[in-house]
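For reference, the chain that follows is the form predicted alone, supplied as structure tokens.
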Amino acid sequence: MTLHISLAAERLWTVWGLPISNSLLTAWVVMGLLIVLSVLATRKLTMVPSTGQLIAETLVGGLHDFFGAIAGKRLDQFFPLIASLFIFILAANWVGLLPGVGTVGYFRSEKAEAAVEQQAAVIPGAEVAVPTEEDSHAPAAGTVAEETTASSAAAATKEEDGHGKTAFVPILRGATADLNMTLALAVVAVIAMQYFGFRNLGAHYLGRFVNFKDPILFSVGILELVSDISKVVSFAFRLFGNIFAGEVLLAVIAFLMPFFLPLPFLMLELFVGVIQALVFSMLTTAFLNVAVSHGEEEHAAAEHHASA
């Protein structure tokens, strides 16, 4: 029995040249669950709420009050985005801890996997003829006895060379334990900052990055641009690092002692999942507030002067 830990998400299928990884499949499962729960909780809204409606109202109301202390009067603009980020990240973090996620899968030949990936890279979506075990051992026509003996010896040592090994591929993998997912969430957050900045300040928002009035302000603008780009890296690696490290810790502990010992660490990871969802959404809220507030007084004064 070996411990399976993979930094990158494993590819399950390729659809029209698009690789479908196990972390992407988990993200779709999480989104499907959230959509179903949302529909069930809001399809029959009443003044006397049902249990599902009460839970949904408590969650949304609590998040609204919590983020209101950060966003202030601009909360109504940001709340749909930051609440969606928090709920999705929290659900993705917790689903990654469920039994079967990362542990239920199948074994696939590394040689066949390499052949499929190489062919798919050349011709996306093309059908690939994966060599079978019989084909790999079948001698070519016209081979001599010495070549047959050599090929038999090579087949006997195939396991030692690593060509005959199989790799375990879990069907589901924690969505936020994949750097691609956390990077996508970070890009959404940073793009949202620019969107709300231009939406509230218009072209005046460009003054945050480009300002030729003063050499110091010009340098500050370059630093602001670098800062926004670095936020993508910071957001992505903070969430990915914490969640992936937690899953590795749980896997190692469960491998060494599968009974009782992982329970305290599982409770810890549930708490870490909440904290990381809060950190991501709180930082997004704070950065959105800063982006919208940048030069707001000067912008308002310019608009007042133009109207006068």
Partner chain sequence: MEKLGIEPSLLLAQVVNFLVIMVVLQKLLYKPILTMLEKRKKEIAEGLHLTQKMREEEERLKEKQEKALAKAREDALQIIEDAKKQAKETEKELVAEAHTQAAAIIARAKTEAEETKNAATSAIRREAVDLAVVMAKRLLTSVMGVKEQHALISKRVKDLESWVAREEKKS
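Residue numbers count along the first chain shown, from 1. The structure displayed is predicted, hence computed values, not measured ones.
We do not show the form predicted together with the partner chain, though everything after this point is about it.
Undergrad: Can any non-hydrogen atom of Ser109 be found within 4.5 angstroms of the partner chain in the model of the complex?
TA: Judged by the heavy-atom cut-off of 4.5 Å, Ser109 is well away from the partner chain in the model of the complex.
Undergrad: Can you check whether Tyr205 is within 4.5 Å of the partner chain in the model of the complex, heavy atom basis?
TA: No, no contact at 4.5 Å.
Undergrad: Applying a 4.5 Å heavy atom distance criterion, does Trp28 contact the partner chain in the model of the complex?
TA: Answer yes; at least one heavy atom of Trp28 falls within 4.5 Å of the partner chain in the model of the complex.
Undergrad: Whether Pro80 contacts the partner chain in the model of the complex should be assessed with a 4.5 Å heavy atom distance threshold; does it?
TA: Answer yes; at least one heavy atom of Pro80 falls within 4.5 Å of the partner chain in the model of the complex.
Undergrad: Among 32-40, 260-268, 242-250, 66-74, mark the stretch whose residues have heavy atoms within 4.5 Å of the partner chain in the model of the complex.
TA: One stretch meets the cut-off, namely 32-40.
Undergrad: Using a 4.5 Å heavy atom cut-off, which residue among Leu183, Met193, Val95, Ala167 comes into contact with the partner chain in the model of the complex?
TA: Exactly one listed residue reaches within 4.5 Å, namely Leu183.
Undergrad: Go through Val279, Val272, Val60, Ala254 and name the one with a heavy atom inside 4.5 Å of the partner chain in the model of the complex.
TA: That would be Val60.
Undergrad: Quick check: do Leu45, Ser84 and Ile87 each get a heavy atom within 4.5 Å of the partner chain in the model of the complex?
TA: All three within 4.5 Å in the model of the complex.
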